[in-house]
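The chain below stands alone and is given as structure tokens, in the form predicted on its own.
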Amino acid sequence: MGLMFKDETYRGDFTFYNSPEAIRHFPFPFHEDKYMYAVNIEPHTPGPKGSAYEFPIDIDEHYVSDMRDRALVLQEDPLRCQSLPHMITAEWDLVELLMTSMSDAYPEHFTLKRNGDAWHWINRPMGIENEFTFGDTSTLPYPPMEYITRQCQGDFCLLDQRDGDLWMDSGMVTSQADWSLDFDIGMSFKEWHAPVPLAHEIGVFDRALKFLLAMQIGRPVRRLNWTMTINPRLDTSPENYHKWGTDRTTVTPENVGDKVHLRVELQALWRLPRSNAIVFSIRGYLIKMRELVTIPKWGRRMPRVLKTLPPELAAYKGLTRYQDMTIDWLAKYDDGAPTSPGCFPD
């Protein structure tokens, strides 16, 4: 695959950008010219070559920079990684899932050798190599979930299933879109989704929970979620609102193309074999408007979606202040031509 990892920042001078390959790789979330909240769950099966769906765990050109940003967040706030004691088996399940997925898909970058419980892990991009005993926490430099999620793009929540519900009892969450693991830890499925508007009224979460409780091992699923972010900032947590909240006031008609980013989460869920827990991965992608419009279909569709967005959703996603400016900036890329169905570029 020949991935080239970039040296870039998600804070301070914000040097993050997408190469042309990364733009085409981006999981654009709108399959038609309008948007309404829906469960939109599908099997997490291999997608087109070069897409974000090609492999179960997606590693891209931003990998090394993402991991460096995660380390900075954890240094400032260790509570972004928490796990209740009864989740230790699920933590080891996650180690197996991520190590096997990464080494199978990207063998030039990651190697896993297993001899019974004696495991040998090599992460070349980050210069990490460890021999450890699977199931023995004393043989790793960090607890199992923290160890492997310090080396894998995206946030991860481990959901315990009991009493006919799912409970967020473990997680590594350093790049979230305005929610807090520290606040949500130990909550039930509907409790942590409580802030989402409109979806409760139309029964989205009732259906989603029923579906997830019936998930089977070996049949992962995925969905896309999206919001918009000012500046390419991965960490837009409530804890750091004082650092990013004022960003929304800095958008002008002149800088929309570079400041306003579409932020998409590729959310995937797996049933774990030993613990029967569910891992919920939230892989975040960022693309500025100036990059997005290099794909003509997306440049046409994006302003149409923003124009038809229900006001409650626009407010929930925090884009009301700059929604009209963004639509106006994008208008010159919408020639009125019809767009083809689906999310992929033409």
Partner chain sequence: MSAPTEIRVRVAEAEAVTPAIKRLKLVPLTSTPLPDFSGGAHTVVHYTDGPRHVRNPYSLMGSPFDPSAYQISVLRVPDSRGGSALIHDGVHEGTEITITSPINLFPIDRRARRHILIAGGIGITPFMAMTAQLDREGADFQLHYAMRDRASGAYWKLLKSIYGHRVHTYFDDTNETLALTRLLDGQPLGTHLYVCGPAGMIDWVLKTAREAGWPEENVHFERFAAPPPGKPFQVALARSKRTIDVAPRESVLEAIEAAGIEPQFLCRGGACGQCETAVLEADGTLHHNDHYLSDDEKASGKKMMICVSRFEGARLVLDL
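From a predicted model like this one, the values you see are computed outputs, not experimental measurements. Numbering follows the first chain given and starts at 1.
Although not depicted, the form predicted in complex with the partner chain is the subject of the following passage.
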{"query": "Contact check for Asp117, Met215 and Pro273 against the partner chain in the predicted complex, heavy atom at 4.5 Å", "finding": "yes"}
{"query": "In the predicted complex, the residue from Asn231, Gln267, Ser103, Gln161 that sits within 4.5 Å of the partner chain by heavy atoms", "finding": "Gln161"}
{"query": "Exercise: His86 in contact with the partner chain in the predicted complex, heavy atom 4.5 Å", "finding": "yes"}
{"query": "Distance check, Lys210 to the partner chain in the predicted complex, heavy atom within 4.5 Å", "finding": "yes"}
{"query": "In the predicted complex, Arg219 touching the partner chain (heavy atom, 4.5 Å)", "finding": "yes"}
{"query": "Candidate stretches 63-71, 299-307, 273-281, 45-53 - the one whose heavy atoms come within 4.5 Å of the partner chain in the predicted complex", "finding": "273-281"}
